[in-house]
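Two forms, one chain: they're shown below as structure tokens, one block per form, named structure 1 and structure 2.
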Structure 1
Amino acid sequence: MTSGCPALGVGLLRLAILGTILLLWEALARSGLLFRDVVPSLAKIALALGHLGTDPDFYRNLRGTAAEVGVSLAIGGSIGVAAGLLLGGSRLLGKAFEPYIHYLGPTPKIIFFPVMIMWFGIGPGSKIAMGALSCFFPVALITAAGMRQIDEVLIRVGRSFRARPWQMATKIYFPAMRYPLLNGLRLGFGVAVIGVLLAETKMSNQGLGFMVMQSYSQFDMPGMYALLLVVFALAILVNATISRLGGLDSTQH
């Protein structure tokens, strides 16, 4: 458990880093080294943020992206957990199939987007598929690794009581893998957001990714940076919420 003074020092250091970044950004914006508004001033970005707060289209696109990310996380995460339980619980299946997941995991998933469009069309389905595909790999690998760290005694106790597979999962596996599963959920959420937003930038007429590309095509750099800040802030908020709900402390892990 951290004491008050180190925690205060960490908070002050974070504020100092943030302040330094903002000062350097403003200095670059005022330097004239780049084309006008390529790096807009903080005041212009703040105005763009205020405009987003009163723009109904922003909330409509935000809801669309949030729904796509949520569904993709539910689908990809569920399949990833199920695959991880199978791979981690069976030495044969783990050795046979896990190398494929390791090899495909780092592959940029955007290369599969044309296939997703052919399968699911240009609507939300292809964006959800991209997010689910991106989410699956880290969740499966982390779940499989967590399964192998479970105390063998707990597994033998469950089998001695002739627990069914779903009982083993809910009574033994999930409680013992609480922290790996939460970390997998956090990582899966992050890559699901990336997958959905990338898909929205390629072929879409809604979503935050679409709004970012629209701002870029209109050379509305303050609006584009404001949207990026909103995405970062929401991602941080969701990760912090997952951490608090699971009792994780990012300063200790």
Structure 2
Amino acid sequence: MTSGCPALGVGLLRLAILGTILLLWEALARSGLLFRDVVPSLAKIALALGHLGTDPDFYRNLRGTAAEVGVSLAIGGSIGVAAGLLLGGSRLLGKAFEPYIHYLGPTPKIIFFPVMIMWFGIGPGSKIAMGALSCFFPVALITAAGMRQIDEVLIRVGRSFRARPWQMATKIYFPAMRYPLLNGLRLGFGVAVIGVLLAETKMSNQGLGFMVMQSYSQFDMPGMYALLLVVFALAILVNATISRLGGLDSTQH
């Protein structure tokens, strides 16, 4: 993606892939092989997208979900970073706690949803709890790993110049960990979205997940696909923004 000519080639290829998928989709929609509207035509989806764009309900639900994701990322992310710093900084704590986090991390958090409903109710509280819980684990693990990756000599440089703990944190630890932290944030965001949306589809009264389930139960397939497209687009947008924050694409480091 760096030099001019191959970049153009890759770009064209990507467009071609997208075009092929859309074509196949449209062909399938028109073939009549599948039950009505299971695969709606592109025109219908576009129309549904247009409806969404003018639907005040959609914006209300979008705001609701965005707020839930934002709050769960803030809560789960900051607790995750704090826990990761503790685990990465202390060999004893790391050894004691990490197996739990490691094995709990990949378990589907949705099994805790009933508990969250009991604790936080059917409203945004339980969705935020799900998002925060999902986001905590990858952020904690990546932060701990990032902390251990810090070039040890840089810490000795800081100590030799008598940097105070706060200066060590802001001038050495955090900048040295910027890529793992950013990656953690990105991963954490991804799973927070999953946690929140999944919870919304299970039991809720608002949010994009709720709208998707509503469209589904009314067999409004174009509307459902339009919603999914919106969720995709938003997720990509936020991911790209987080990557930009680091100045560089974090996968390069």
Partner chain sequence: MTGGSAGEDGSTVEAAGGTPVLRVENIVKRFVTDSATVTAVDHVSFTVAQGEVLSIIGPSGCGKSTLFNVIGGLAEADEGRVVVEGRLMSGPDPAIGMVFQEESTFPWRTVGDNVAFALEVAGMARAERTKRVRHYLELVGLKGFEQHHPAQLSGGMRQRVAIARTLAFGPKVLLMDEPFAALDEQTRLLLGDKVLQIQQELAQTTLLITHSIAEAVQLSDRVLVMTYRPGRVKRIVDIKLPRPRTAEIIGSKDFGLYVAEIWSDLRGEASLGMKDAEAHLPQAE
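Just so it is clear, the model here is predicted, and its values are computed rather than measured. When a residue number appears, read it as a position in the sequence of structure 1, where counting begins at 1. For the two forms, the rigid core is made up of the largest set of C-alpha atoms that agree within 1.5 Å on superposition.
- Where the criterion is the form predicted alone, structure 1 meets it and its counterpart does not.
- Core-superposed comparison between structures 1 and 2: the CA of Ala169 exceeds or equals a 2 Å shift.
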